[in-house]
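A single chain, nothing else alongside it, follows as structure tokens in the form predicted alone.
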Amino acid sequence: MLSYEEALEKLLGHIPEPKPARVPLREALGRVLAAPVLADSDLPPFKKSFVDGFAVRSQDVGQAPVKLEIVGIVAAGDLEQPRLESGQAVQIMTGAPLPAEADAVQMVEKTHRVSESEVELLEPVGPADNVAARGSEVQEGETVLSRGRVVGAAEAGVLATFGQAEVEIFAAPRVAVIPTGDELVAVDQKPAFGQIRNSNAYTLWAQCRRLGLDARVLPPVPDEPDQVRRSIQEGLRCDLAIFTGGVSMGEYDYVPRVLAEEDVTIFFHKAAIKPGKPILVGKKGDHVIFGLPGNPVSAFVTFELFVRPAVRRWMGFQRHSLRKVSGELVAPAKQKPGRKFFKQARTDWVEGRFQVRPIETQGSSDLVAFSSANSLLILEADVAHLKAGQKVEVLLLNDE
């Protein structure tokens, strides 16, 4: 049985290389750039004023105070500027282009308006004072965003600045979520004896959405080989199929054997972890298949430990897995040694350090208790007990 690290390495080694795609700018948020973005013009594209004030020729105002004739006004967006001669000034607004003859701006706070046609500069200004030269921020042809950069709010602004109405990003895999089990009923249906509502489909759908995936959720599949076969064939129409349930070693766990019959190569079936030991990972062509356990907590955890890294690598992210941090345990934690345990915990930043509190549940079906966790406390396979105050490592569930 593979360790967690071995299983993850094997999985990531079989994920298809990221493929570029073009999407509208508004759909690029949170995605990874597949190509560098170059400036299509200088920025600023003209000599402009940093402040509200008066544009002048600096040689006219080497001494102050000095009175100048006002010959016009320029606002941001004006296409024409007045001609400026010696002894003259132009009123100017922040961001407006300077008249060609001007090389400095005195801010309005350091001037006195004598009349409609005359201003007194109370202090001198030198060449380039309060002026942004053309191309002083970025020059045409310069790389403004590199390949591999994640598009956030600031990056979206940069893309818009340089006319990127469409953006080349790495494509997201098309995903199918496929719950299995005779016991599953719809969320709006009252379960009869021995039945449960189809909660895993919603959990996995939500986890996909958080990764930027628009997952297709298929109806629950009964525990019957032909039905499972049809669901596998349907799932293989997508890039990534995520089964939940039916992957263990029970008599009615048909998913592994039908996958094999459908020529899906199984890379591993079981990993030395808890929860989630029965996890299955396979591939057919460029289509990747996950078989996650049916217990809700196991399905959630194995998604975060395996599906998340696979998807993020597929989408071109540099960091694939959940962020790992160190913290101080504030209550004891224990386990039965043998497998690496990813135990639900609450991790908070308190007084300059992470404090980690284990959360006790009734097992891998206790999603209600698990829902208060924001992290996974890592207990190595040979560790039986950790004391309060010990330094531990956790994976943060809510950190991107």
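In this text, residue numbers run from 1 along the sequence as written. On a predicted model such as this, the values are computed, not experimentally measured, just so you know.
Below, we refer to the form predicted in complex with a small molecule, which is not included among the displayed structures.
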*49, 53 and 95: each with a heavy atom within 4.5 Å of the small molecule in the predicted complex?*
no
*Name the stretch, out of 256-264, 139-147, 322-330, 286-294, where some heavy atom lies within 4.5 Å of the small molecule in the predicted complex.*
286-294
*So, in the predicted complex, is residue 183 in contact with the small molecule at a 4.5 angstroms heavy atom limit?*
yes
*So in the predicted complex, does residue 276 come within 4.5 Å of the small molecule, heavy atom to heavy atom?*
no
_Please tell me whether any heavy atom belonging to residue 199 falls inside 4.5 Å of a heavy atom of the small molecule, as the geometry stands in the predicted complex._
yes
